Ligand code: IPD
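The chain below stands alone, shown as structure tokens; this is the form predicted on its own.
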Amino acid sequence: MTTPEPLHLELRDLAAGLAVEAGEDALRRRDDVIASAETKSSATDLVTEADRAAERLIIDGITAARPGDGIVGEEGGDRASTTGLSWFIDPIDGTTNFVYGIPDWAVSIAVAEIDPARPDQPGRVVAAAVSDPGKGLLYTAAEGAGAQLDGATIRCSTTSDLGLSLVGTGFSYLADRRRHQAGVIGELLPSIRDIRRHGAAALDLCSVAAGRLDAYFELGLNSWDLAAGWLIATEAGAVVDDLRGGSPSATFTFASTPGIAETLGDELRRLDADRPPSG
């Protein structure tokens, strides 16, 4: 493990404080906002005033502490960076769970160096926090400082047998992609212990980091969905990429304990898991 930079530790702690505060605020608001739920990309993709309020709280906290940093947020509170750092914010990852009262949702915040040519994508993620308000848990990481759950160091599992592996996944809100994803799951299921679908990508990535899942994959995640969990899983020792050796992206996100990364990756490539149907 390398020596973490003091700035990255400060950014991690700022992200952690804001993630916890935003999660507590969303919990308080939940009963009042359910009636005002709206839809986003499709009739099954929900957004509530709690999402927008949580993002405002987080952005206000970042602005007070780091006014030159950029913002890339799910609910549209974006701004350009003058420091080379941007914050990737998912104020409620797992909004459908939130609306239905299922406690699997999170506040996900990451800080990343960015390429000016692609300011909406995380480059090198240097600090992250994922708050799990429904269970009162907090995952954190800073580059070179390892990953933590409530301050205690966590590591991914040591599983090396694909047949005994518990694998997480998620599904798109778009019908054609869901159809393809369901086909991949049907083919993969006989080769593994079982599948889990929790409905919050940040928590799935953190579950890989904590060894509660042996692997996780999903097609079509946004930058704010994956940035924080990417660093947390990586710092916990997991392999995290796009299934083809590149960075995780909207094309594909793959996270695995090293012991099954090659065999599971081979299976997913064989099934064209990262090649959705056109349209």
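Sequential numbering from 1, following the sequence displayed. All of these numbers come straight from a predicted model, not from anything done at the bench.
One more form of this protein, predicted in complex with D-MYO-inositol-1-phosphate (IPD), exists but is not displayed; see below.
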D-MYO-inositol-1-phosphate (IPD) isn't shown here, but in the model of the complex which of I92, C206, A110, C156 has a heavy atom within 4.5 Å of it?
-> I92
Which residue, A236, I62, A50, L221, has a heavy atom that falls within 4.5 Å of D-MYO-inositol-1-phosphate (IPD) in the model of the complex?
-> L221
Wondering, does E55 line up within 4.5 Å of D-MYO-inositol-1-phosphate (IPD) in the model of the complex on heavy atoms?
-> no
Is R196 one of the residues lying within 4.5 Å of D-MYO-inositol-1-phosphate (IPD) in the model of the complex, judged by heavy atom distances?
-> no
Could you tell me if E74 has a non-hydrogen atom within 4.5 Å of D-MYO-inositol-1-phosphate (IPD) in the model of the complex?
-> yes
If you check in the model of the complex, is G146 within 4.5 Å of D-MYO-inositol-1-phosphate (IPD), heavy atoms only?
-> no
Where, among 186-194, 136-144, 170-178, 113-121, do residues come within 4.5 Å of D-MYO-inositol-1-phosphate (IPD) in the model of the complex by heavy atom distance?
-> 170-178
Counting only non-hydrogen atoms and a 4.5 Å cut-off, give the residues of 225-244 close to D-MYO-inositol-1-phosphate (IPD) in the model of the complex.
-> D225
